[in-house]
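There is one chain below, alone, in structure tokens, taken in the form predicted alone.
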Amino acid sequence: MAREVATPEKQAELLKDQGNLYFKKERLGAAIEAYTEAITLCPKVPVYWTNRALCHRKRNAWDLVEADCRKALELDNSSTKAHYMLGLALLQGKRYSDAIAELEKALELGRSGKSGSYMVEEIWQELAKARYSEWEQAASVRQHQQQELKEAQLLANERKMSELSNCNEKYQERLQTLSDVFEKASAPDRPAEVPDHFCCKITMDLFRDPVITPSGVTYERSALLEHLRKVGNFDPLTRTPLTPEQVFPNLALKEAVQAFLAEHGWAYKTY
């Protein structure tokens, strides 16, 4: 009886399983070879590309991570892992705006799909890092421009005042006015305390996904649901009976937090 010849699809799946085993044993080179062979046999299966990208990520080979993730997304644009790892690769390359777009997409897919809460949290942390880095870069440019402008204005004032007599008092007033203007301009870039009403009473962190209870108290969704699951069906603050079905998104507060972060990018570092 003739032996059945495995189809390319079956061979590719066996190679993927072999690659997964190598990956678990930290044999990254062997895993990459197995996934590459699977890709050669069946290049249109996105998971083979994302699995190989994960190996490249472990090796910090970010150009290869980017290439494999982009190929995976050509095949399946709904791949949470591909968007996430592409975002990480772009973040490593300091392409913050593009990284944020990919990480936001990964977060959206992660929240609506089957990804575990651990992955959603991991994506959020990287997204916060990307947003903070983008703010930090922009703030550095603004501070440099403000300093150059301040020095130029001071020099112009000194030249103007040197042409006039008995203007020392007016000169000091102009200097103070100039100092006040630059102080106000730089205020949004100076780290300070996050307002209490923007922070969850359970986590003490900035709200990401605030929900409000019938008692009128707002909590971070994940923290409140964990409380209801592990502690009991009651409001943590008011102690009144509460079930998950009774909480609703606090969209007004969510928008207020986003507006605050848009003006105070330093606050992303508090996540």
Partner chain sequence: MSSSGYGQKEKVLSRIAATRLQKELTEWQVNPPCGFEHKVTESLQRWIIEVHGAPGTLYEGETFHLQVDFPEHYPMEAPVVIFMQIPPLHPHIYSNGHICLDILYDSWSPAMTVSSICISILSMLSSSTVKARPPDDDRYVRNCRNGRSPKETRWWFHDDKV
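What you are looking at is a predicted structure, and each value in this text was computed from that prediction instead of being measured. Positions refer to the first chain, counted from 1.
A second form of this protein, the form predicted in complex with the partner chain, is not displayed here; the remarks below concern that form.
Looking at the partner chain in the predicted complex, residues Q125, T203 and F234 each place a heavy atom within 4.5 Å of it. The candidate stretches are 65-73, 204-212, 30-38, 46-54, and the one lying within 4.5 Å of the partner chain in the predicted complex by heavy atoms is 204-212. Mapping the unseen interface onto this chain, E121 counts among the residues with a heavy atom inside 4.5 Å of the partner chain in the predicted complex. The closest non-hydrogen atom of A223 lies within 4.5 Å of the partner chain in the predicted complex.
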